[in-house]
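Quick heads-up: the structure tokens below are two forms of one chain, split into structure 1 and structure 2.
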Structure 1
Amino acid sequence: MKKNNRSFVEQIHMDGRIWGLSLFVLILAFPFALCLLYGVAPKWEPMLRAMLTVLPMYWAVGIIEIFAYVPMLGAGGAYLSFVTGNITNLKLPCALDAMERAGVKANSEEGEIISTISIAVSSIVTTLIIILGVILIVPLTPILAHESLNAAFAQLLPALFGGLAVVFVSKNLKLSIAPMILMLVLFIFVPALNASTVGIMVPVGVLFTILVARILYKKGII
């Protein structure tokens, strides 16, 4: 069992590294290929100024996200999710729900299998829906740009995390109280915290909850 576990996870790591680094090169090559195709160079000054605005924050958040999400996603799920993106609004809830229903833990071999299957299926379906949408973009645009649908899509995250919270909070009630109170207080009373900064608060929430969990565990409360 232990040997099988090791060999499967080792295999996933090897596949993930090969795929990940190959795709890294391929994706990074895209803007360079555009330069060659059109025989132009980027406009250096505006590009560097925009990069200075965007890169420090997004690289910092990107690095923190890796440490926060990789243990939750499992190896296979992480290698897929960090390529296909949309982790918090799609891949992670999808994998968490699948593992919860299958009754497996993220760091077990079964958890690894279920998480990888759910994220791979989700990635394939997302890609296919977007391909279909791109093909049908002309007739679909007025429908998808409709006011009512916009109102519904704007509330995707509250609708998603409401349901997910019931599952996880009900099973970990004692552990949930402190992080929920902290986040409520912070988001209500700190004006800088909003939709665009929620990503930064995820690692804060994770670290705080781990700290609370450790104290409660040591005191024998959980």
Structure 2
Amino acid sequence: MKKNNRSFVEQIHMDGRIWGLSLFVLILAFPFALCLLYGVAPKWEPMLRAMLTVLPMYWAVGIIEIFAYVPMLGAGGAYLSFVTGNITNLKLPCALDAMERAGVKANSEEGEIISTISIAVSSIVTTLIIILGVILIVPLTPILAHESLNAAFAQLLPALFGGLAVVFVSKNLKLSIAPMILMLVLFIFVPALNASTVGIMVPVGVLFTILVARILYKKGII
């Protein structure tokens, strides 16, 4: 497949870099615009000190996510996911389910297309839902805030990942045991780990699973 004398994957990488850099500029443009508009500037020394305490973690997570998510999403899906965000909770499950139903792999051209389309549709649907939410938040607040719905809302993510787990664990039972035990041990015995650290632990679990898969493959178990 060619576009302007480039292969599909080459075009994906070019478009992905353009949109990624564009988003980077737009994100930085907002705070700079506020500073210019109101004639203020941050105090650089305390800001840099604060940044140095948190940036190393984000650098590490960012590098881990690239190695963890790109093989699962493909190049196009990865670029689009990193631009639109909410990968762990939304884009990754959506893309994996779409490729599973289509019977394609992320490292194939068909998988690239399915992954990218599913993530694009997911982003559009999410945007539409957010717009509806903004419009309806006031009239729906008494209903959504009712205590009888608290238990249901608390189970949304477990239900989502539970459904995906049944599919993938059943297909790779031997491989799934070690990462499940690791995550259970970590979340039970390390109090610092909670719901807010899921985004960090998913890539860690992926890398650990790759390592385990390599060992099991060398031993002829899988």
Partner chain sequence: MEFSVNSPILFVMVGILIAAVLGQSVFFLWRALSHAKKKGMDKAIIRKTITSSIVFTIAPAISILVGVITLSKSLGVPLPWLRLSVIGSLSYETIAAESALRELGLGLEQTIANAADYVTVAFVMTTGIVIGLLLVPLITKKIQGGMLKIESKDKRWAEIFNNAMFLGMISAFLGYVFCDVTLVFSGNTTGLIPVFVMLTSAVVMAICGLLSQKLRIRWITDYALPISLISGMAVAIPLTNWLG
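Here the structure is a predicted model, which means the values were calculated and not measured. All residue numbers here refer to structure 1's sequence, counted from 1. Under this definition, the rigid core comprises the largest set of C-alpha atoms superposing within 1.5 Å between the forms.
K.L.:
Looking at both forms of the chain, which one is the form predicted alone?
P.N.:
Of the two forms shown, it is structure 2 that corresponds to the form predicted alone, while structure 1 does not.
K.L.:
Following rigid core alignment, is the displacement of the residue 63 C-alpha between the two structures equal to or greater than 2 angstroms?
P.N.:
Yes; that C-alpha moves by at least 2 Å between the two structures.
K.L.:
Is residue 49 one of the residues whose Cα moves 2 Å or more between the two structures, with the core superposed?
P.N.:
It does shift by 2 Å or more.
K.L.:
Could you tell me whether the Cα atom of residue 89 shifts by at least 2 Å between the two structures after core superposition?
P.N.:
Comparing the forms between the two structures, which are aligned on their rigid core, residue 89 does not shift its C-alpha by 2 Å or more.
K.L.:
After superposing on the rigid core, how many Å does the CA of residue 139 move between the two structures?
P.N.:
Value for residue 139 between the two structures: 2.7 Å of C-alpha shift.
K.L.:
After lining up the core, report the Cα displacement of residue 149 between the two structures in Å, one decimal place.
P.N.:
For residue 149, the C-alpha ends up 4.2 Å from its position in the other form.
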